[in-house]
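Presented as structure tokens, the chain that follows is alone, the form predicted alone.
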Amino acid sequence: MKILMATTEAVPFAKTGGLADAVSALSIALAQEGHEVRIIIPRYYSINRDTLGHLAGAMGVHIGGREEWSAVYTKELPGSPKKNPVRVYFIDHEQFFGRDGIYGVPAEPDFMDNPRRFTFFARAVFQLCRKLGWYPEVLHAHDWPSALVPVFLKYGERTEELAKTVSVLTVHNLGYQGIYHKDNYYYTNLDWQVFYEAGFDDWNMMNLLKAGITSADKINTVSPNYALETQTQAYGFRLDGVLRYRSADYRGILNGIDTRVWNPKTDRYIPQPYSVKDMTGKITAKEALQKEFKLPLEPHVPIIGMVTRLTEQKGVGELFGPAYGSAWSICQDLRLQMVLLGSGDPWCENEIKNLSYRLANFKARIGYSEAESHLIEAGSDLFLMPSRYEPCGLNQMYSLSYGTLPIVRNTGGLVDTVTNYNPDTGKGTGFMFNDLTPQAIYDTVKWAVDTYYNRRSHFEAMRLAGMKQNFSWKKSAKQYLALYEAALAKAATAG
């Protein structure tokens, strides 16, 4: 099967979150199954052209009543199969993509010309196919910046060589939809009748993700439970009705993790490898983590780790809110240590710095470090994720693979990956709470710490149970293939 991934992020080239990991890992997993997979992505300022191959000839893309010209570069995706490599194509347009930031910068979090930038990118997908003379059976678009791809396919591009091509749209996070003033619709070159028919209309604005959901042949999100949640008013971000309407074509497929990178047996970032057969390396990692963050070397005190974006979605208000968040009480009342790595909202960064100065058992670093994130996963005993909502979540799967028990809220993909501890049977793989309140976080952390100290045999059995789970992309890739085949079958029946 020929599959083209349209995305604005893919590791190792451009990343702001889990989307980048998911696209590259899924592409590799599909290629390993023998399918021909290609990726198209903008060539941002941070991607060095000197490391890429150049396709001869400029490529014209018609948007907004004029022709925009771009160059195309290419490179094999690192880590893809040598006998069947995934090829990545980079669309090079200095005005749109030759700048810092993918969607924005701190001074301008959402670039004013994003509607035009991503309209251009979506149109470029089809021009690239023509330039290469390569036409996919499946166009797989990811999130709102690529959501115009299924719209363009349905309303104008499904002709000649693309007549039998189907579209799949993956919603990685429904909280980000690409909503802009409808004056920007001009750039699409589509008739105004399509504005309403394709689902762009959103209270006198244009909603790119809504149009993609309305127009795609099949839609999915990144966990089964999140697929259910997003069809409710509480988690649907005003698109729950559209998703309920498309429910027959909408499903949840759990993300996997890249086990080549996140594997305690082979992890190059931790001081000593370990596995379910020999956990010595985890003890070594804990000591290294305490040294790295200048915590007292107390091997029998549990460490709670966090690697997170400091945003409302991640529940940071209930945990770190000044005067009401539970982090201070957790560190003051309970015999534990806490380590955090992350960045985000300025108020939260400042509060975390303050706590780090005032508490001897709480240490934090603002920013991100790949090496430190691996060390936190390996060296911690528990991993805290008090998410307001979580489409899939990766850190809880990393944690389980490293024998670090997650403390999570009962939401999204956390439900699909963590089994709540049952004190009567001693079974489970983590600790779960329902209501997102400071008290609920405090009580669940206390429950986990109490289990660590007083039911240690249960705690160790849970560790091993988590490490034995399989979160590789192979299973997810097969479910995506089934989704592609369902889209092709539906199109064949309709045709």
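In this text, residue numbers run from 1 along the sequence as written. This one's a predicted model, so the numbers in the text were calculated from it and none came from an experiment.
Another form exists, predicted in complex with a small molecule; not displayed. Remarks below refer to it.
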Which of 118-126, 385-393, 105-113, 230-238 lines the interface with the small molecule in the predicted bound form (heavy atom within 4.5 Å): 385-393
Indicate whether the small molecule has at least one heavy atom within 4.5 Å of a heavy atom of residue 314 in the predicted bound form. yes
Taking the small molecule as it sits in the predicted bound form, is residue 247 near enough to touch it, meaning that at least one heavy atom pair lies within 4.5 angstroms? no
Is there any non-hydrogen atom of residue 398 lying within 4.5 Å of the small molecule in the predicted bound form? yes
Can residue 368 be called a contact residue for the small molecule in the predicted bound form at 4.5 Å between heavy atoms? yes
Quick check on this chain: which one of 270, 334, 190, 307 has a heavy atom within 4.5 Å of the small molecule in the predicted bound form? 307
Only hit among 174, 303, 295, 341 for heavy atom within 4.5 Å of the small molecule in the predicted bound form is 341
